[in-house]
Structures are given as C-alpha cells and as structure tokens.
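Taking the form predicted alone, here's one chain by itself in structure tokens.
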C-alpha cells in the first residue's frame, strides 16, 4: 500500500469518526425534534422494544406546539424568562464589572480577604444556601416577584472573577495617562475600560443568560403564581401526578433550546475571546 493510499484511508477514518461524534452530539436534539412533531401514541408505539421506527414520525404534526402556546400560554413563561434574564444581565454586568474594576485598580483594607470570598462564592453549591436565601427574600417581601428572581442572581463570584482577570491585562499606563489628564474614575471606567472590554462583557452576559435561562430550583421556590413563572418551571408543569405529557415536554424543551442557540452563535467569537482573556496572566 502506497503512502498516498494510507493517507487517504486515514483521512476517511478521521471523517467517519468526526461524523460519529457529530451524530452523538446532535442525537438528543434530533430525537427531541422528532418527538415534538408526533402524537403521544405514535411516540411510544415503537419504543418497547426500541426500533429505528421510534425515531421517525409516522405522521408529522405541529399540534403539540399549537397546544402549548394556546391552551398552556407558553409564550408567557418565555416573556417572563426574557424579562428576568435581560434585567439580570444588565445589572449583573454593571455590578460585577465595577467590582472587578475596584479589585484591579484600587488597594484597600481587606482586599485579599474579599477576593478570597469572591473565589469561594462560586464554589459553594446553590442548594446549600437556597433555604437561607429564601428566608431573606421572604423577609424583604420579594417572594413571587420579578425582583426575587433577579436580585439574588446579580452578584456572581464567577462573573466578577472573569472581569478581574480581564482587567488585569489592561495596561496600567492607559489608566495613569487618563488620571494625569484629569479624568475621574467613573469617566475612566465608562469611556476607556468599557469600550475595550466588549469581549468580557459579552462573555459575562452569555454566562448570566445561560444561568438564568436554565435556572430551575430558585424560580421554583420564589415564583408561586403562573403569571411570573419561567420557562423551565412551565416545562416541568407538563409532568403531572397521573400523566406525563412527553410530546409537550419535548416541544417546550426544543423552544427553550432554540433561543440560547440563536443567541450564542452570533457571539461565539467574543465568548471565546472573553474566556481565554487572562488565562496566561493570573
């Protein structure tokens, strides 16, 4: 066998492996799409024993999507989630970026201790603080309100750490030159730091978006009324005590997945830049 033939066989095997990986990665989405376009009876008809026909709908129908948006008003939790997520991104990026700027540019008493607390904060499982946090939210009368879902998610140790690492790479001479010219700290932050920190702001925004969009436990505790329920709680409502409406769950899950995918793809470049920024300089 010639060297050229060996190279061709190696290339073919490489592409076959890549195709297999792509299929494995996309299989949950493809199955979810297939299940959402069929009836409940058709979905389980060929499941036990499992056959390839279980992946192919006998008859395509958009009835599941129509039902969840008309009878269950699925548009309402989508709007609630967009409102909660949008406000959390705005205030989260603002507060955490200011905190990162303060840690980077100022020396103050207790700085090392506070920085250590920031690092520890995103290592603590949320489940361990859910009950005390709920008690605080209840005393502040934020239960069953948008504020109850937004305010606890604004201060994020991981997002603050991301800003700190990014701001460390900004040349000190740039800030010193602005101070010599008489610029105030708020002006430096708004006119110099923020414009050159677009990648980290996009990355932080996407991280906050994914956390809030997929959040389940905290909205389950705080959002009692249907009017302010988020999308994950609405999807879980299709699972009742006596029956689980799987086709509705698949339809709602697909809608829930499409929005983050459409948001992530255009900003993928900035997300990678923001994640890798400060990875060498610690």
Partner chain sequence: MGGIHIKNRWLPYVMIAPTVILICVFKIYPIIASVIQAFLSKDGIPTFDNYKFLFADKTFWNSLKVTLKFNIIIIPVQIVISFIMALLVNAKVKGIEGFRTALYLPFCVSLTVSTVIWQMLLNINNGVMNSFLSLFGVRPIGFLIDKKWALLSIILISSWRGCAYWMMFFLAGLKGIDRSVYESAKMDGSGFFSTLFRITIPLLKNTSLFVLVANTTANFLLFAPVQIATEGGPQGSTDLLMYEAYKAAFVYSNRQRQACIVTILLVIVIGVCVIQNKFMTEKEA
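Residue numbers count along the first chain shown, from 1. Only a predicted model underlies this, so the values are computations on that prediction, with no experimental measurement involved. Whichever C-alpha set is largest while still superposing within 1.5 Å between the two forms counts as the rigid core.
Only in words, not in the display: the form predicted together with the partner chain, which the text now covers.
Colleague: With the partner left out here, if you bring back the partner chain in the predicted bound form, are 47, 224 and 236 all within 4.5 Å of it by some heavy atom?
Modeller: Yes: 47, 224 and 236 each sit within 4.5 Å of the partner chain in the predicted bound form.
Colleague: Go through 102, 198, 82, 190 and name the one with a heavy atom inside 4.5 Å of the partner chain in the predicted bound form.
Modeller: None of the other options qualify; the answer is 102.
Colleague: Considering non-hydrogen atoms and a 4.5 Å limit, which listed residue (146, 115, 90, 72) is close to the partner chain in the predicted bound form?
Modeller: Answer to the contact question: 115.
Colleague: Given that the partner is absent here, does residue 76 sit within 4.5 Å of the partner chain in the predicted bound form, heavy atoms only?
Modeller: No, residue 76 stays farther than 4.5 Å from the partner chain in the predicted bound form.
Colleague: Closest heavy atom of residue 124 to the partner chain in the predicted bound form, within 4.5 Å or not?
Modeller: Heavy-atom contact with the partner chain at 4.5 Å: present for residue 124.
Colleague: Evaluate residue 175 for contact with the partner chain in the predicted bound form, applying a 4.5 angstroms cut-off between non-hydrogen atoms, and reply yes or no.
Modeller: Yes - in the predicted bound form, heavy atoms of residue 175 and the partner chain come within 4.5 Å of each other.
Colleague: Can you tell me if residue 217 lies within 4.5 angstroms of the partner chain in the predicted bound form, counting non-hydrogen atoms only?
Modeller: It does: once the partner chain is placed as it appears in the predicted bound form, residue 217 has a heavy atom within 4.5 Å of it.
Colleague: Within 176 to 200, which residues come within 4.5 Å of the partner chain in the predicted bound form, counting heavy atoms only?
Modeller: In sequence order, 176, 179, 185 come within 4.5 Å of the partner.
Colleague: Rigid core aligned, does the Cα position of residue 229 differ by 2 Å or more between the shown form and the other one?
Modeller: No, shifts by less than 2 Å.
Colleague: Do you see a C-alpha shift of 2 Å or more at residue 40 between the shown form and the other one, with the core held fixed?
Modeller: Yes, residue 40 moves 2 Å or more.
Colleague: Can a Cα shift of no less than 2 Å be assigned to residue 22 between the shown form and the other one, given superposition on the rigid core?
Modeller: Yes, shifts by 2 Å or more.
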